Each structure stands twice: as structure tokens, then as C-alpha cells.
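Subsequent text provides C-alpha cells for two forms of one protein chain, presented individually as structure 1 and structure 2.
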Structure 1
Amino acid sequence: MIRSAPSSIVFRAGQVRRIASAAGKDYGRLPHSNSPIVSKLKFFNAVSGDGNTIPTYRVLDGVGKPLEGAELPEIDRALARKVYEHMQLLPTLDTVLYNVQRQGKISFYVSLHGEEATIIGSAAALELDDEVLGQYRETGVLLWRGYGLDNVMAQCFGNEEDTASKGKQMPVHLSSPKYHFHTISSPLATQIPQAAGVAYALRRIPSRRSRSIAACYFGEGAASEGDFHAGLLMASTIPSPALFIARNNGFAISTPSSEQFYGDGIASRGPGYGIHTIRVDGNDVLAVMSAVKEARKRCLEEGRAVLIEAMTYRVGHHSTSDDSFAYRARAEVEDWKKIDNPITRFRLFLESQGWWDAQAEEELKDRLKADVMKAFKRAESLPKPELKELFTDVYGGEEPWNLKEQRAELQGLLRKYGNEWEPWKAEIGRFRNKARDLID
């Protein structure tokens, strides 16, 4: 982009003199850089000094045993059980809603099978009022914060209790100011630069400065969007306490991460923006908790951004619109579920601590299933919101003439044909008060 600055700024006399004197004193220095001068012709293509791949931080091995020398995060029986129960809740919810979509009762669903440790581990390490900007696989963060299954179901069904989108958004596009969870957008990566702005605003709110951060989730595919680069650059250049959590689950719909980037994952990009970065085993919930806790601390202490790349595996299809066996072998997925199941890994740890047993497992599964089914049945039985919501929330303040007139036009059409045109008649019956709010 070419932008011409006013000449008074470019040619300010004092500045010219300063540069001239600096050049005179340190002949051979580089402009705007402290880069050391070397005479050896050497290219580089790695962010780690030794040229190796960026390592991955892990504390529990595949069977839930702490690695030698690993420091566990502070966790007691109650917290550990809460974490585990929420990790188990996610697949229970996924299984029911996936099938509900298949029955045509909701239009769409995305599961997060395989990413339970990344979602719940990070949620547990954040403060409850840290601002969250998600992609669309982070429903678990809201559930951790106490949002409740009824609210999740209401949004997925778009019924009259859907306060997250008033029936306007596709399923799993949640939002809740009360739980500091910003509204989800289907376009990818748009939340990343927004997180920088949210974080900068937090710095300017005295009661939240040094106390709250913005936590921004996205997939490794979304990190290919220009908005990713813009967002990290903004957050680092205009210092903002934003924690960027990349869920590297290996796939963007069908595209494997090997075709998404050539470099060393997402983590390698952090240092390019001067951002503290760590790669963590996203299937190790304790490692995720430790990493997020430390990252959060750095965000607040330095008032700057941090990047975490959580390595995980998308066990489920991309969404209900996708059949992933068209591009990856069923056996590959089954193998991954066996080799590294984040839930099993943590359960084995709990059992080794004497905090969990088969009976607790059975009780939990029964309870979660009953809870999810109860919420599903309730949501299913409720009507859609009032039809007038169709025209609400476009603008704040005064409504423009075109919307007023278009609402009146629809109202006239509904009065004229609502009882006679079969497709409308059937549809009207699904709304609260049978759309009388708009028709009368």
C-alpha cells in the first residue's frame, strides 16, 4: 500500500540530523536494527537455535503416568474430578447432538471428539472472566463456566430460549456476555485480530487491567487466513494481553496440516512476531493446564500476547456436512482413538491417584447421559422464538425506514396468505405464539 505522509513529518530537520550524526559515529551500523554483523554467508530456516523441530511440552505419558522430571500443575481431587467430568461431558453431548442432526432435528453440528483435553484443560486454567473468542469447537469452555446444557441445546435448536443468537445462527454458534464468551462467527480467523482489540481494551479498564486476558481459540487451518497474521502482529506491536490458542487437530475439513503449511507448525510463527510461544501436547490435559496458566501469567505480567500450539487430533468428522472417510482411512482414526485418547489418559492418572474407579465411571456416564437427554428433550419441545425476532438486532438505536417498511410488507403478506399458503402455514406453527406477534 502506498501512503504518502505529509512532508513536514518525513523531512523534520531534527530527525535528519539525528540520523546523520548516528551514521557518523557508528559507521556500518544497520538502520533500525541491532542485528549483529557476520561475514559468513548463512541462511536459516528454524526458530529453535539448534535447527531442530520445536519440542512439545507434556507431563503425562500415554497411560497417564507423569514423565520423569515433569512438574504437575496444582491439582487436587476435586479439581481433577471436575476436569475429568467435563471432559466426559463433551463426547456425551456430541454423540447425542450428532444423532439429533442426523434425524433432521437440528440443521448442523460440529463435534470436538479428540480435543477434550485442549478445550477443558485451557478452560480450567483460565479465570472465569477472561474474555474468550472462540472458533466453533469451544462449547466446552462455556460448559466449564457453568453455562448449562439447557442453554447449549436451546441455541442448537434455535428455540425461544436461545439467548445466544435468538434463533439467528447455526448450531454451536454460541455467545454469552455473562460468561465472557464472544459471539461465534462462521468465517474463520476473524476473531484473531479482534482478540488483540479485546485485550487492549482490558488493559484500559482499571478494574481488569493486570487481571483479565483475552483467550482466542482457532484451528491450524484458520491460522492460514490473513487475519491470523494481522491479529498476532497487532497484539504484539500494540502490546495486548491476548492468549492465542491454536488447536492443531491435523485437519481443515479434508486438508491435512501437511498441506496447510510447510513450516514448523503454528508455533514457529510466534517468534516472528516477538511473541512468547509454546507447543504443548493437546491430549495431555495437565500439560495444557500448566501451559495456559503460565501463558496467562506472562500475558498479564508483560501486558503482551502469548501463543500456544496444542497438538491434537480431530477424531470426528469436520461437521455433520462432512464424511471424513472420503479422505482418511477409518483405521487411522480408530488407531488414534486407541493410541492416544485424552480422556483415557487422564482417567488412568486419576485412578493412579486413587481419585477415580470403575464405579465412579459408570455413575458419571449414566448421569451425563441422563442430563444431556433431559436437556435435549426439553429443547426439542419448545417452539422457535417469536417471528418478529427476524427483524430485531440489525441496528441499535432508531430503526431505519427500509426495515420498518419491509417488516410491514411481510406483516401484510402473512395476514393475507399466512392461513392459506401451505408452506407458510406449516412454518408459522413452529414459532412462539404462532407468529401472532408479527401478524397482529
Structure 2
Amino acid sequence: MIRSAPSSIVFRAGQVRRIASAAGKDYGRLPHSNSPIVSKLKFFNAVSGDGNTIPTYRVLDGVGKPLEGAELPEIDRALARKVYEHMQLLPTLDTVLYNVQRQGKISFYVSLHGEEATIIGSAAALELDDEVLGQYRETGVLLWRGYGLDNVMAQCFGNEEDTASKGKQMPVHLSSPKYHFHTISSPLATQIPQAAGVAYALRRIPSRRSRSIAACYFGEGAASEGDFHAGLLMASTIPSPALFIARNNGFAISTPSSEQFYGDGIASRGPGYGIHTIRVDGNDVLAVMSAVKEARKRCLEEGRAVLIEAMTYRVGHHSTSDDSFAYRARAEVEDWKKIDNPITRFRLFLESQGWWDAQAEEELKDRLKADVMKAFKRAESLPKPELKELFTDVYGGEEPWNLKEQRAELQGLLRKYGNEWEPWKAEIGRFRNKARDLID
């Protein structure tokens, strides 16, 4: 039983430290802890209804006007227009490739309608040599870095110019060593602990220790995976410059965020790991830019992880394998497009600064559509890689027996049926050299 104590007390290791004030209300702290001791029973909870929820950082209001007291990031006319053009490029690209998939010309596609501000705003705040580990909605980061529409189309079509995977990966599973963009994987959340490892590696490289971070993107659904906790635990206990960017877009495939967790979003988990955390309006591109820039600065100065939760909304379907109107009302989506459209909000800001007008808007949309269609038609016309590439770049070192066996089996089938069976004959014609590299 702990009794009240005088203002001065001698204590031994293992005993509770007590430093009572004259009023008898200061009971000190636990050993090896900064947690103060109190005599009143009180539980705490971020969603208890007592107002202790995490705030959301915003710069621009819904009509593009800066909030009173808000500080704009360093942005001039040229940078603002570049940001806006990339934000407009993403839905243009999404519309074409989504329809192309529906026509059966590519196998799969993931759009990012509604999340343009989160993707482009963060890309603009990162340095070009920061390592990026994406989920599958971060095509805009690569485009911002100069990857180009032709490379995006080549990967989605898996043609001979697909430098990312030589036709072996699903569409939008992009990668580029040149642009410091790590290969996207289909399994959910695998990139989160990998980002902690990449950040730790950067910390151990003298030439990059004070220059580069690892930026990891994922959705709030991925944060329900064990990999999320493993990654944040590693990055916090083995301090590493990892920036975790959670896109809380409201849905994990068909599960709304209200059914994924009861706590106060993803941001509430950061302090549990001792990680600097901020929640930002993901539909406000200037707020995202400011938050990511400051978070990156903290990563480098302290060599520690930072967590950003970007609050946005997934206007599009989860992917071409999903019909979101089966679990949400069409009217809800249409309302979000009108009420909180990140592109519209930033355009209104540009117009208020005298940096944009209706003529520039029309010219931009026409140019972007022409550029995307040109890249699409070019990618569609190119052949697939040589068929032998199916067996390359899978394993390092000596080729294993199972690949040799599979290649021999395919060779036999091609020689027997390749020029006889019409379905195969037509398919072989799509490959470079018409599969002669294997047949011969």
C-alpha cells in the first residue's frame, strides 16, 4: 500500500519514486519512465467522445482559399502549374487505361481517382533520389520524376519496351532503378517492412545518410496487416529515416474504414511506436506538400521514422476487378466529386493567384488527352518481348532444373502445335521474332 510521503524521500532501485509536493498531489514517476503517477482512476481513448481526436492539417479550404493563419509552402507559378498539370494527367491516364482494360487489351488496372493531391503533392515534396516503395496507386510519383507515359504504357501492355519486368508482371506493377522506385508487389503491405530495411540501409551509407529517405505508400486497409506493425516497430526501435504515407481513402477494397478499425484512424498508432505523426487533408495538395516536406526534414535530421495519414476519398473502383457500387451508393461518389474534388480545389487557388484561366484549362486537357492516346497507340502496336524472356531474370546464378524442364516442354509444344493450331498461331505472332527464339 502506498501512503502519502513527505516532500523529500530516499528510494531504492525497484521502489516507486515519489516526490510529493507540499499539496500532496505530485506522486513522482515510475522507474525508467516519464509517466507520472496519479491517484485517480481514469482510462483514455482517442475515440471516447471527449474531444481528444487527432486534428487534420489543412492549408486551403474547399474553394481554394488559404485558411486564416495557414502558411503556404514555397511555391511559385511554374511549380504550381507543374503540380496542377500532373494532377490532371492522372485521371486522363486512368480513363484511357480503364477503358482499354474493359476492351480486353490489358489484363488489369488500378486507378487513383480522387487521390491526385496526395500522390502528386507528396511526389513534389520528395527529392528525386529518395527511395520510393509504393503500393499500386503511385504511378504519379514516377511520372513526376520523368518516367514518361511511354514507359507506363509499355509496362501495362507488357511489350518489348517494358523495362520494368519484360512482360512478366501485372499492369501497374511498376519499377525503375533509375528513378529510385522499387518494384510493386501484389501481396498487401509487403513494402512496409521492406521500407524500414531500405531506410536502415540508407542510414548506413555515408554518402546518403544525410541526403535520402525511404518513402513508403500504403492504404489504410494495408495498415490492418501485421507487416504494418512489423515495419513501424523496426523503423522506430532501429531508428531509420523511413517516411510512412498512409492513404486513408475510406475503403480497403470493399470494406469501409469504419469497419476496419475502431480507433482514431491510422495516425493514432504512430505515437504508440514513438514516431512523429501528423494527419493531413489528403485532398489539399499544398497541405500534403508542406507535411511531407517537414516530415522528410525530420527523418533526415533525427534519423527516425515519421508517419503521415492523408485523409482522402477513393472516387474510382478499387480496381478493374471491383464494382464499388455494390457496397456504396453512386450518389455518394458523385457528391464527393463535386464537394471535395482535389483538382478543382487547387485550380481555384491557381485562378485566385492569376496563374490559371479557362483557356489554359482547355488547352491542357486537349494536350494531355492527345499525349495519352499517342502513348497508348504506340504501346499497342509494339510486339511483346521475345518468348524466351519468360524464363529469364527469375533466379540468380545457375538456372534451376525446373525452369529448364518447363522451357523444354514449351519448345516441344510450340514445334508441334505452333504453326498448326490457330489460337496459338495468332498468339505467337504477337511476340518479337514470333517465338523463333524458342522454336529454333
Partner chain sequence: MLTANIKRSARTARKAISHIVRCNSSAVEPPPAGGHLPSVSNSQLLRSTRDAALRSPGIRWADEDDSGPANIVGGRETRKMNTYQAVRDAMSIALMKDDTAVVFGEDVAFGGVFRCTMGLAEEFGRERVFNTPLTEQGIAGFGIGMALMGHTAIAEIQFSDYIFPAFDQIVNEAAKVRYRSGGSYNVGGLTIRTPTMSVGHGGLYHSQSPEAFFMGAAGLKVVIPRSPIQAKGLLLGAIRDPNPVIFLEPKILYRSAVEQVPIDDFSLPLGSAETLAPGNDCTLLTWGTPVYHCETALHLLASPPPSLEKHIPTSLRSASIELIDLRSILPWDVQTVEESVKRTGRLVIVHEAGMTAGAGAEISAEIQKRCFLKLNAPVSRVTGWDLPVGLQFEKFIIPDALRIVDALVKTLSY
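Each residue is numbered by where it sits in the sequence of structure 1, with counting from 1. These figures come from a predicted structure and were not determined experimentally. Heads up, when I say rigid core I mean the largest set of C-alphas that superpose within 1.5 Å between the two forms.
Remark: structure 2 matches the stated condition (the form predicted alone). Here residue 392 does not count as shifted, since its C-alpha moves by less than 2 Å between structures 1 and 2 after the core is aligned.
Residue 404 shows a C-alpha shift of 2 Å or greater between structures 1 and 2 [criterion: core-superposed Cα displacement of 2 Å]. With the core held fixed, the Cα of residue 36 is displaced between structures 1 and 2 by 2 Å or more.
Core superposition places the C-alpha of residue 420 2.3 Å apart between structures 1 and 2.
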